[in-house]
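Have a look below at one chain only, the form predicted alone, in structure tokens format.
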Amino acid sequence: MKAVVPTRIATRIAHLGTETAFAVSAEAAAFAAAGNEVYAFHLGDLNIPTPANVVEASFKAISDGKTGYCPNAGIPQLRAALAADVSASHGVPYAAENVAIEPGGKPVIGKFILALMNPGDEVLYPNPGYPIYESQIEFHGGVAVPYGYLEGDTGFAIDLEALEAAITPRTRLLVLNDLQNPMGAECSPAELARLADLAVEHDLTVLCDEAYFDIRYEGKSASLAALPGMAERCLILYTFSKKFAMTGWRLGAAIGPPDIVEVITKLNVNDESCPNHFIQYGALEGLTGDQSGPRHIVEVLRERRDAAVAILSETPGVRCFTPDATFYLFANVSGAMAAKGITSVEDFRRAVLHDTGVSVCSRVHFGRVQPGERESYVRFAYSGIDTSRIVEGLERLRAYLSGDRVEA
């Protein structure tokens, strides 16, 4: 008789989502392992070295014995330096007590929700957007309420009318990813002002995910937290991953009102005790030392953006905006799909991979597709692929969508 194995997995796990972009990565890896050329536009990692002064400061900290536990909220020097840096960029007077250092930016999402959301509360989150918002809200017993974006003549804008209509007496939190993944979208001053009004009117606390705040090519980044009366309503998600090409180092921060930061620090005690000790000295050097490294990172990414946009803008059936920040292009491929007779954006994505080697994520990897969506999009991440490879891969894509023969 077959043994009956009891169900051991907690029921809450059924509500935990994932990043399906990693499944795209696995597909691309399998395709490459079969001997095919792959142009990896699917993951938002960086293949640019971490600035040397950051690396050297971290190694020195190891040599100096900074390898044990440290304060749960991070070393005081880094908290103070980050508070000063963000105060200068945002025009908001933050101090060390406003900062909790975290093992990456992503933990701030879950800790924000744990600290402020009760089961059954509703949380507004961007869709398309980073899929972990939706996952964490539902895993912790909240109701994930999506808000969308509208494609205009020059870029994407939040559908503010739909967002406002989605607010109910149970709405407690708003997640705002300005300089957005996957769209590269940026709020206008009018959008930020309207969001601030809604937050005050409905007593909402806001997670300002500003992971791409410093990956900026033109203009100046602005924060909802900088608007009058909003600093006490906003928790900023900060990460060292993008500005300093430190994705694998896993270091970030929560910056906001002391009462929220205090709870997040208590969660640090329960989850990981403290952030990595010696890496914080590297981050401290990154903030206070030579800034040529971050400037170089942005210039490399600018070159890649310009190369990608130049080709995509000449590719039949593809509509692509030029973002002023982030390292993503969210291209409308509805026309290209129609020309190829393909109705599913995932089928299109796979066809592009197998016929050109270009690997991208599609809209479905950034939250559940919402009723009424008519256009189809794919995301090109250019942070982990060199300019020469960008040109080679996207020229193959252009040839494929133009009906030309793609060279093997």
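Just count from 1 along the sequence shown to find any residue number. What you are looking at is a predicted structure, and each value in this text was computed from that prediction instead of being measured.
Unshown form predicted in complex with a small molecule; subsequent notes refer to it.
Quiz item: Pick from His277, Arg319, Arg250, Arg233: which residue has any heavy atom within 4.5 angstroms of the small molecule in the model of the complex?
Solution: Selected option: Arg250.
Exercise. Report the residue, out of Val123, Leu237, Val99, Ile264, that has at least one non-hydrogen atom within 4.5 angstroms of the small molecule in the model of the complex.
Key: Contact with the small molecule in the model of the complex is made by Leu237 alone.
Quiz item: Which one of these stretches, 255-263, 209-217, 311-319, 295-303, sits within 4.5 Å of the small molecule in the model of the complex when only heavy atoms are counted?
Solution: Stretch 209-217 is the one.
Exercise. Determine whether any heavy atom of Gly110 comes within 4.5 Å of a heavy atom of the small molecule in the model of the complex, and answer yes or no.
Key: Contact with the small molecule, no.
Quiz item: Contact between Ser241 and the small molecule in the model of the complex at 4.5 Å, heavy atoms?
Solution: Answer yes; at least one heavy atom of Ser241 falls within 4.5 Å of the small molecule in the model of the complex.
Practice problem: Please run the contact check for Tyr130 against the small molecule in the model of the complex: heavy atoms, 4.5 angstroms, yes or no? | Solution: Tyr130 belongs to the contact set for the small molecule.
Self-check item: 4.5 angstroms heavy atom contact with the small molecule in the model of the complex for Pro146
Solution: No.
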